[in-house]
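Single chain ahead, written as structure tokens, the form predicted on its own.
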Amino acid sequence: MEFSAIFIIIAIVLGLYMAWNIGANDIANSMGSAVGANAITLKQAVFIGSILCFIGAVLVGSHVTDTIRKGIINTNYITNVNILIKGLLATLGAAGLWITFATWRAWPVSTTHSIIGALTGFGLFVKGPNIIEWNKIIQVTISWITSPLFAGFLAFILFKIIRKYILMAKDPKKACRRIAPILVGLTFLTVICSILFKTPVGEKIGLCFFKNIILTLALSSLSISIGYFLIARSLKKGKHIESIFRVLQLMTSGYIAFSIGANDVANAIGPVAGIMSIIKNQNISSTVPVPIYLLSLGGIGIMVGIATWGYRVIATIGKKITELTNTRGFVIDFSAATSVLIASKFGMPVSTTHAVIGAVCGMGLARGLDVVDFRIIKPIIISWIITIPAAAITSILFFEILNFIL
């Protein structure tokens, strides 16, 4: 294939650029609330988030990915492999550029929706509306509304429960000793389910659905028992309730960082793997293998993005929307993680970014309207709305540039 080496070089460069953007923008989803609640420092957040994202990308990142992320366009309409390669390159460039702009503005946006928008623009430009799987676009649009609302509702209810039955109880420490272990169990339940069900790790373990359920419940129950012992001992030593929730918050923040690496790395290296497969096999297949070195490159790109520019969006989520404590931070992380887990297991294309922002708002509203800065929320929502059209238009421009150059 003519220009094959050039295509691969450009693909790897753009894939790394996209991974860098994922690290710069998405790290706030996991570490923003922890920094805002002073559970960890910004430097610690960068270090912890980088390591966990890399581990998630390499160990749990899918070794098989869609040629076209989320099945947004029907590749049966494209017979010329050169056109598809240029389209995938344009997709990476356009999505990356939009996320760079959003990060510069300190807006938390969905990297997955950016890829979807770029693919949509390319598909419409080369083959018209028939190539687009519009039911997928509708699902994404619905997720804009449902994921932040569900996470916000869950955060609202959970914070009300914690405030009423622990923070405002007659004996807060006694109430914490009784209720907090249950929250430990629920946290472990969320993390274990996310690892065992419909993941490469779960497939390697090879347990059936029923055995996975038994294992999940057993480990969660064990965590409740251990949590009760550790929490009781900490409170006897004079530890404050917030210190208990600090540990829980760090657990949930770490889990979200791990899942970002595992799930979002495909947004960067999926198109790269697709291009390499097309060049090698001279045909277009619906799914392609992802070599471990590509997962590692994606993980490295995410780490660099976190280390160099991750602080911008972390400040928005952790400091600007509402005041956070460890209790509030735990509520945000747990609600966002739970809502994303439930939706993803049902095959809904939700955004962790949208869920986290919804959880921040829901937790804030549980304390009253006046504690949420809606001046920060407004431009964030606008950025969500324009993500798909902005990425689509940019993708068309990138595609035309590639056509002209190559």
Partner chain sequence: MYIRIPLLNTLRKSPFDGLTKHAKKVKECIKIWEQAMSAYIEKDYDTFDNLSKKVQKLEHEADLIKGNINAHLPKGIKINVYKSDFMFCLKDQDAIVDFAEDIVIWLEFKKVDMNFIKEDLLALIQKVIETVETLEKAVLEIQLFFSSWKRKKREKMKTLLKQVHRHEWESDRLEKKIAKKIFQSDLDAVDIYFTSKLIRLIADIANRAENAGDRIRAMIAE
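Numbering follows the first chain given and starts at 1. Computed from a prediction, not measured in an experiment: that's the story for all the values here. By rigid core we mean the largest C-alpha set that fits within 1.5 Å across both forms.
Keep in mind that the form predicted together with the partner chain is missing from the display, and what follows is about it.
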Legend entry - Heavy atom distance at most 4.5 Å to the partner chain in the model of the complex, all of Ala106, Leu324 and Arg328: yes
Inset, instruction - Let me know the one among Ile40, Leu365, Ile55, Ile342 whose heavy atoms come within 4.5 Å of the partner chain in the model of the complex, would you? - result: Leu365
Legend entry - Listed residue (Arg178, Lys136, Lys239, Arg312) with a non-hydrogen atom within 4.5 angstroms of the partner chain in the model of the complex: Arg312
Legend entry - Proximity of Ala102 to the partner chain in the model of the complex, heavy atoms at 4.5 Å: yes
Legend entry - Any non-hydrogen atom of Val35 within 4.5 angstroms of the partner chain in the model of the complex: no
Inset, instruction - Give a yes/no on whether Ser147 approaches the partner chain to within 4.5 Å in the model of the complex, heavy atoms considered. - result: no
Inset, instruction - Report whether the minimum heavy atom distance between Phe258 and the partner chain in the model of the complex is within 4.5 Å. - result: no
Inset, instruction - Sort through 81-89, 314-322, 299-307, 116-124 and report the only stretch with a non-hydrogen atom within 4.5 Å of the partner chain in the model of the complex. - result: 314-322
Inset, instruction - Could you list the residues in 142-162 that come within 4.5 Å of the partner chain in the model of the complex, counting only heavy atoms and keeping sequence order? - result: Phe159
Legend entry - C-alpha of Gly318 moved at least 2 Å between this form and the one not shown on rigid core: yes
Inset, instruction - Answer yes if the CA of Ile376 moves 2 Å or more between this form and the one not shown after aligning the rigid core, and no otherwise. - result: yes
Legend entry - C-alpha of Ile55 off by 2 Å or more between this form and the one not shown on rigid core: no
Legend entry - Cα separation of Thr316 and Ala151 in the model of the complex versus here, shift of 3 Å or more: farther
Inset, instruction - Quick one: in the model of the complex, is the Cα gap between Phe159 and Gly368 smaller or bigger than here? Answer closer or farther; it shifts by 3 Å or more. - result: closer
